[in-house]
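So this one's two forms of a single chain, laid out as structure tokens and tagged structure 1 and structure 2.
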Structure 1
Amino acid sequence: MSLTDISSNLLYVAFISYLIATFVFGGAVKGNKAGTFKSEKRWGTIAFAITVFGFLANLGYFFTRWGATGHAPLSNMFEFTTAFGMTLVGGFIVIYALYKTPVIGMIVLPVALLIIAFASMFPSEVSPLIPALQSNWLAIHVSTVVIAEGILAISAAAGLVFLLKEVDMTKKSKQRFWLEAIMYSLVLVIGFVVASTYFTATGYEAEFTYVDKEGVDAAITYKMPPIFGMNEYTQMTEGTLTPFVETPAVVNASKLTTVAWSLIFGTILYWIIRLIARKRIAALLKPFVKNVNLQLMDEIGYRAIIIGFPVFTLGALIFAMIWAQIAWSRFWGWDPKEVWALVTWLFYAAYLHLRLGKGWQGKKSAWLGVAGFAIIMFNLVAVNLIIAGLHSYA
């Protein structure tokens, strides 16, 4: 068995472990609801042990893939996104060891599962690094960023738990709308997995030629029916769907099509859940946060940001600019990925200013924590998949 096969199996073990731990943490929270705190502690300890086992398997995947590829496995969407899921779980392990909060596990682990499932839809084959990535700065810059984002995501998890308890789901309000919008966005990730799996299983392919942003003729193969067409495209495969809209060269229409199909499948799935449950998804989760300590959730969210923010500063700005100078002979070039890294940094800087200078705590702080994670995910999904730039290979 090759190292690549071993790494794939270890990632599968990690995924299954996180899935099992999610349900066991649910048992711990149920014990808390019933007032049996011994039961909560027992189930929480079991769930934590399973999570640690899964995390060790995840680390095993990371290092065996590193051995198989000869470089840090952070060079494409599959590798970076699986690493993001791993650091998110790692951040939770630290938080649980400090605070013993099983309800955070019920939020973090399903999100980590969605992130890893999202990653699995991208090509996972081992391939040589492109010249721009053949540097030790790949491990230094990208690993620091992914660790920082995993820590910052813990703030969003704590904020979401806070909001699930605080927001009244029985009364119409903007807060109820946005809380449910968060649930909807998580279902869209499942929609992406379902859409990708379905079209892969049917073997759908459609080839096109187009003109890229440099004015050079290029070719592309769609794996889903093309809703959007590339710049000045020519359809090469007969009997396939003709794109409805042609996009400018700066937009990757194939990946935009993937996002569109994810929206379609995810929206259908969301409404199926709503029809079966006969209530909003946020309302389904509300009973699990009945006994949550809101002050503790606020503290966890704040501590995650004051730790994650300087790490993000180091990786996403300082290390990134050093590597940019080495690779492209300039520290800054307003590439879309660079711009959104700066937007993310400015957002968390504003969070700390509002928290420390204006006294924004509690619900306001929780909303900001969730909004920060939304910006991180926009950077990961929309900027990487739709907007063409120097980081498009990632």
Structure 2
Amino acid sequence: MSLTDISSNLLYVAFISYLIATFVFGGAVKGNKAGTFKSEKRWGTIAFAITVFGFLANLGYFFTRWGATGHAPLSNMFEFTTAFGMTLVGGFIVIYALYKTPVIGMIVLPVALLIIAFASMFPSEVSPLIPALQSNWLAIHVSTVVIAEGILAISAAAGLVFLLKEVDMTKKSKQRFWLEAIMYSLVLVIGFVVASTYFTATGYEAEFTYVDKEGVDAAITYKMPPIFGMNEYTQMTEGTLTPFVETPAVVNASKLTTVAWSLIFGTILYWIIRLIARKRIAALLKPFVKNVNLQLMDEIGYRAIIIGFPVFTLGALIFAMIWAQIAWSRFWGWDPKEVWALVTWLFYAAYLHLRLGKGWQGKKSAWLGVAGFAIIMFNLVAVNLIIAGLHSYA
């Protein structure tokens, strides 16, 4: 077995461990019929041990891949996103050690699973580094950022638990709507994973030529049945779906098609769950959070940001600027990736200042924690795949 094989097997081990731990955590917080907390403690400890085991395997994946590629595995979408899933679990381990809260694990682990599964949809072969990335700062800068984001995301998990308990799911309200929207968007990630896996397994390919936004002829291969067509496209593969809509040149219709298929699969899946359960997903999770101490969740949400904010500053701004000065001759260039790091940072700065006032603890704070995670995910997914795609640098 080569080092690369060992590495990907370790990632499987981590994935399976997290999956098992999710259920054990769920069982732990649901409690026994008598409603005693003894079983929560015992099963919580077992689930935590499984999580730590999975995390060690995950670290094993990371360092064996490092050995195999010769550089820190943080250089493309697959590697970075996988690392984020790993640090998310790492952040949880730190918080669990401090506060012993299995319920956070019940939220964090499935999200980490989704993130790792999402990452696996991107090409995962060992890829060489372009000159700009050949620097020790790759490891220093990116690993600090990804650790910080893992910690900050715990705030969203605590916020989510807070909201699951606090928001009344029996009455119509804005908060109920948005809470369910979060659940729906998590299901959409599963939709993306299912769609990608299905079309890859069936080997779907459709080739097109089109005219890009600079007016130059270009070619593209769709891996999913084309719902949207590229600007002035010509179909090159016979027998494939003819796009329903042609998009203007600035839109990457192939990516839009992927989004559309994820929406279709995700929405179907969401409604299957709802029809079987006859409840909203957020309501489905209610029984798991009934014993939660709200003040503790608020404290954890705040604490995670307090711990994560300095680390994020160091990694995403200071180390980033030092490296940019060395590689690109300027420490700051208002590149979209840089700007979104700044936006994330300003957002958490605003959070910290809002917490100084009384009215911003509890529910509002929980929503802000969740919003912070949304910004981090936007920076990871949208800025990499959509916005940066419009720029000469990627």
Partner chain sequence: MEKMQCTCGHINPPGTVLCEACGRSLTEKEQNSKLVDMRYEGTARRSQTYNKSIVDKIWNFFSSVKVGVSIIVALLVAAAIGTILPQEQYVTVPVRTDATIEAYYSDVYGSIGKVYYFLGFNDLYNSFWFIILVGMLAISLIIASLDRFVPLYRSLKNQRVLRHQSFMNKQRIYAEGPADADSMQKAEAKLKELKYKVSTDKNGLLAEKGRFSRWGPYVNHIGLIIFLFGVMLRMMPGFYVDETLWLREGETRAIPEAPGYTLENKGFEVENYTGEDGEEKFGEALDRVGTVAKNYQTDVVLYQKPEDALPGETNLEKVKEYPIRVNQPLKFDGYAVYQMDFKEDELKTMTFALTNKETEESLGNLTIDLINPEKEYTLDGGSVVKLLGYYPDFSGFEDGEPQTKTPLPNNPGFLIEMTTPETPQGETSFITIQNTVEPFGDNDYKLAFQSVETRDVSGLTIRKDRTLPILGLGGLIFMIGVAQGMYFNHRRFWIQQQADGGIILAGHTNKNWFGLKKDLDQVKEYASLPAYTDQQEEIEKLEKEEAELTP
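These figures come from a predicted structure and were not determined experimentally. Throughout, residue numbering runs from 1 along the sequence of structure 1. Under this definition, the rigid core comprises the largest set of C-alpha atoms superposing within 1.5 Å between the forms.
- By the stated condition, namely the form predicted alone, the first structure is the one that fits.
- A two-part rigid motion is described between structure 1 and structure 2, in which the smaller part turns by 14 degrees against the larger.
- Per-residue C-alpha deviation between structure 1 and structure 2, core superposed: residue 241, 4.4 Å.
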